[in-house]
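The chain below stands alone, shown as structure tokens; this is the form predicted on its own.
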Amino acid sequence: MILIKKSGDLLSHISKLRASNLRIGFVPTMGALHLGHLSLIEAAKKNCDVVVCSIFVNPTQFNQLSDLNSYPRTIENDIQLLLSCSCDILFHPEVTEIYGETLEKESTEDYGTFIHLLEGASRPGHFDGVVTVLRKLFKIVLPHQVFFGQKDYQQCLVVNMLIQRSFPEVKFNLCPIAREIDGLAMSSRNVRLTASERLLAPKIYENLQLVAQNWNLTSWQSAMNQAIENLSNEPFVFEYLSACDQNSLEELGSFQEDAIILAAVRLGSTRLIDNIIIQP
């Protein structure tokens, strides 16, 4: 695996690979890697000739400085994990390499109403930072395909729109959520859970399953209400559990066969999100 820290060095290297007709797969991350990230690397390897993983903790997508400062940084362990799955290139730049001296970010205001829902409402400005850094990274990595995890479903919709608008030659791949044996969605933030919180965290997925298993005209609303009640009990701090249209993320006012159920709760100091897609 090649470790590259400078944008110009990576762009030069990628340009040579593309000139040899090699297809580039890209997995952007903020590090603190786990098996969920590695599943994205594996998907990229199946579809592309060369896989690039970036590790960059993007300051413009954090709402609070404390959250940015406490985000886990485990680069030595990350490198070992990437070596274990035969990643080809690791791009690990400094903040100034990506942003220069100012942290200016673009706006997603014209992306549609879904920008302001769910995560957009809970974390205003978050998607502005996501779009800003991905535009910069895409211009450096020049990928043919990109790979993102379903856990951040709303973010995936944002990324897909960015690609359609500005990088139509890039193929977007939505990859399934990787889960622990007990169902908890894998996340870099899980390491911040206390032992007691970790035992409770799988209840998020259990309640998503409760809704999915009762997804029919007569039971869906009562299942939603029960799941909301369950995730509102201490020590959970409930933020949302919503049944939404898969494309617009508008909350469903009546039953429809296909939907996505999204949840966000806090356990102690850790905010956890999850979702489950319901197909006809």
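Because the structure is a prediction, the values reported are computed rather than measured. We number the residues from 1 along the sequence you see.
Absent from the display: the form predicted in complex with a small molecule. The rest refers to it.
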Point to revise | Output flag, P28, H34 and M186 jointly within 4.5 Å of the small molecule in the model of the complex, heavy atom basis | key: yes
Practice item. Go through 230 to 238, 34 to 42, 244 to 252, 209 to 217 and give me the stretch that gets within 4.5 Å of the small molecule in the model of the complex, heavy atoms only. Key: 34 to 42
Check your understanding: Is A178 close enough to touch the small molecule in the model of the complex, meaning at least one heavy atom pair within 4.5 Å?
Key -> yes
Point to revise | 4.5 Å heavy atom contact, E197 and the small molecule in the model of the complex | key: no
Review point. So in the model of the complex, does Q155 come within 4.5 Å of the small molecule, heavy atom to heavy atom?
Key: yes
Exercise for review: State yes or no: in the model of the complex, is some non-hydrogen atom of F148 no more than 4.5 angstroms from a non-hydrogen atom of the small molecule?
Suggested key: yes
Review point. With the small molecule left out of view, which of F138, Y99, Y71, Y111 would have a heavy atom within 4.5 Å of it in the model of the complex?
Key: Y71
